[in-house]
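Next up: just one chain, as structure tokens, the form predicted alone.
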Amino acid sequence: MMNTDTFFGGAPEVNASAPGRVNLLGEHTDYNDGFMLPVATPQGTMVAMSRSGDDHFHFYSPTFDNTVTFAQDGSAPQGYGSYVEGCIRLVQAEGVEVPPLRVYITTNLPVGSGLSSSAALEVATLRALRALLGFELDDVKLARIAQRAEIEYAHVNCGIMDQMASSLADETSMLFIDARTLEHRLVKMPADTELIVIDSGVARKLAASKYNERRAECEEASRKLGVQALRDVTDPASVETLPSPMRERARHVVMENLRVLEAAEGVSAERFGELMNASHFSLRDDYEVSIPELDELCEHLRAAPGVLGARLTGAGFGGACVALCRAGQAQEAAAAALAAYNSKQGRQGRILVPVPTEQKGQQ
């Protein structure tokens, strides 16, 4: 593996970083023009950048121990390089002259855990470009360019939540996002609480294909209901006229939006926990994106001391679970839940938040 001194032949010109995100409520609502409540993670992605000094782009990530090199008029192969190239090409499309670059990428976000390592890479890359080249780019437009990079260059038809959260959220407040208008505001966490995030150790193998399937089902449900998007359905009863599985998919989205709107107005910690539990059950039963490991991990979290509610976070079919816990009890609760979950042979769950003591020096 190369270090930055070897890769750059000295120090890079700029460094930038961006966090991952954990979504507390509002899952699979962003591509339905709905509402979300994510929060930034302590973990993130770091991008070091310099002009390359030749006519090629050079990207390196010690995570993959892989160098991507291509000519100024060429393109990166699919993989992490396509996300970075997408950011560069879209900045060029804005009229910014971007020279060939050397880009060094490090991350302590676990890839495939549902904490949006891709959005963190995009946002960190765009922040580095902004710092290196000195052009103006506000944080909302940055998020929109990051989303387009993922759709157009990595070919993932994602919503806007992950990029907005990585660009605008912090670790102590929830970020309320309206996916249609991009209205956003910071919302206080319920009083005297903290978060637990545990990676199930199950990679999200089906998430991409099922994501596209669910998106198509929601679009068809919208057409049958005569609305632009499921966000426009305010009466949950109206979805009951739809045939299955569109009925169940629409029911989840409509109820999930109502849960976010209620939580964003300010609720007790106990009620917030109830909303998280209801969200998980809806994702499991109506949206059908959970798996037995996530269900079991949530059950262990709910049984742990001080935990008020738990749900899967991210697209589903693997990845992480998030729980709301009373302040001061998260370490104990997370350890208890993880021990119970990992007691089955072959399980390799791990605590991501609160950051384990042995990892704090690496943040």
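Sequential numbering from 1, following the sequence displayed. Computed from a predicted model, the values in this text were never measured in an experiment.
What comes next is about the form predicted in complex with alpha-D-galactopyranose (GLA), which does not appear here.
Within 4.5 Å of alpha-D-galactopyranose (GLA) in the model of the complex, a heavy atom is found for none of I198, E293 and C298.
Though the partner is left out of this view, A315 does reach within 4.5 Å of alpha-D-galactopyranose (GLA) in the model of the complex, counting heavy atoms only. Contact annotation for I145: none of its heavy atoms lies within 4.5 Å of alpha-D-galactopyranose (GLA) in the model of the complex. Residue contact with alpha-D-galactopyranose (GLA) in the model of the complex: Y31 places a heavy atom within 4.5 Å of it. Contact annotation for Y211: at least one heavy atom lies within 4.5 Å of alpha-D-galactopyranose (GLA) in the model of the complex. Only one segment in the set 94 to 102, 79 to 87, 159 to 167, 238 to 246 has residues whose heavy atoms sit within 4.5 Å of alpha-D-galactopyranose (GLA) in the model of the complex; it is 159 to 167. Taking a 4.5 Å heavy atom cutoff to alpha-D-galactopyranose (GLA) in the model of the complex, the contacting residues in 7 to 28 are R21, G26, E27, H28.
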